[in-house]
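As structure tokens, one chain now follows by itself in the form predicted alone.
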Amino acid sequence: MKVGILGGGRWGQALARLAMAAGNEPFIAYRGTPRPPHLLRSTDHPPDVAAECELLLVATSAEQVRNAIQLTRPGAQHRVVVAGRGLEPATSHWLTNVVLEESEALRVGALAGPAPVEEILNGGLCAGVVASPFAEVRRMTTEALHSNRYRLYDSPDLVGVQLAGAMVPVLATLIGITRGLRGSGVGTHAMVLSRGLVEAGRLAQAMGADPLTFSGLAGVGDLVAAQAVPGHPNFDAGLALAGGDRRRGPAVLAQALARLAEQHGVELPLTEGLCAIYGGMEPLEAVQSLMTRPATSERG
């Protein structure tokens, strides 16, 4: 199978390696730099990839998805799977909706899970989940990427997997804050991780998604990977926030999730706390505010 990959960065190159491990032919579309290594087939003319590949994996940042789709121009014959996470910053739209808005593509999906780029490029083992309401999209993506290096599971819960992909950067940042605050320990760390997943599941249920999605690879799996080793950008942004540096991290994403929760009548105390920190509240004050909330049921 020829597998089209939109984005020539490290993540696009990692997906290309996984496609090759699964016995397929990756074809990367890139714009500007970085250009993929010469041993990976690539082009700076994205429509060429669309012309040869029915399956397109979008491996750009959330901000670049719309432009990548505009340049590639997928048609109704394509299956387009977004391999990025989060919401489009400018509109707060799901990234799969951006694909539908900007192309004639009808069958979309999302790829998520704990797949550290450097580990993939160095031959490590990992797993992920592809979500789509279309069985054909799930089947083709599995054929494209599943191998003895990368186990790919499938799910029909497109909203849940995309929501998990949006929540993980926020929760990873919050865990980084707790790691960086004086007086915080593993208890605080565990509290933020577990209660953050409860928050996410509550919003998922309100949106018609499956809360159990957050106990899988797209949720807890990705979150464990985000805070397991130094160097994760969101975890490191949390460490910086604990020291007063508010220039990094998923501020726009946290605000978008808070608005989404408000629209559905759901409370996200941890996400709202992160928004308050980006708004100028001291991290320790935000933590104390969360700790003094009224007691409630663990399922609440």
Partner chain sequence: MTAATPLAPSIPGSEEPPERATGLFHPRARALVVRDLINRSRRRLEDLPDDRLEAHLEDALWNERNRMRRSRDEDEAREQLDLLATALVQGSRSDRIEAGLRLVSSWADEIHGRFSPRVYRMATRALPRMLSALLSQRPDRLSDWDLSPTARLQVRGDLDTLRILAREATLILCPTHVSNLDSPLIGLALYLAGLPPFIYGAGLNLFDNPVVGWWMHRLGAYTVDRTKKAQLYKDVLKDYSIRALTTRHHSLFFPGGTRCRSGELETHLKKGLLGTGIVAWQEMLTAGRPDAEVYVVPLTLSFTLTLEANTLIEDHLAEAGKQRYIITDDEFAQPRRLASFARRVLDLDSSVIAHFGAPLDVLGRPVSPDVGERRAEALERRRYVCDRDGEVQWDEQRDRVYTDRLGEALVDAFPRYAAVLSTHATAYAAWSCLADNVGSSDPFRLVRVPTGRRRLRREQLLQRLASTLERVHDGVRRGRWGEALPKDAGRTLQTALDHFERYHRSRVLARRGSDLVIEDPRLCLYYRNRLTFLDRPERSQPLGGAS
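Please read these numbers as outputs of a predicted model, since none were measured by experiment. Numbering follows the first chain given and starts at 1.
The same protein also exists as the form predicted together with the partner chain; that form is not shown, yet it is the one meant from here on.
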property: Contact segment among 221-229, 195-203, 134-142, 177-185, judged by heavy atoms lying within 4.5 Å of the partner chain in the model of the complex; result: 134-142
property: Touches the partner chain in the model of the complex: E267 (any heavy atom, 4.5 Å); result: no
property: 4.5 Å heavy atom contact, C126 to the partner chain in the model of the complex; result: no
property: 4.5 Å heavy atom contact, E101 and the partner chain in the model of the complex; result: yes
property: The partner chain contact in the model of the complex: V108, any heavy atom under 4.5 Å; result: yes
property: Residues from 151-167 in contact with the partner chain (non-hydrogen atom within 4.5 Å) in the model of the complex; result: L158, V159, Q162
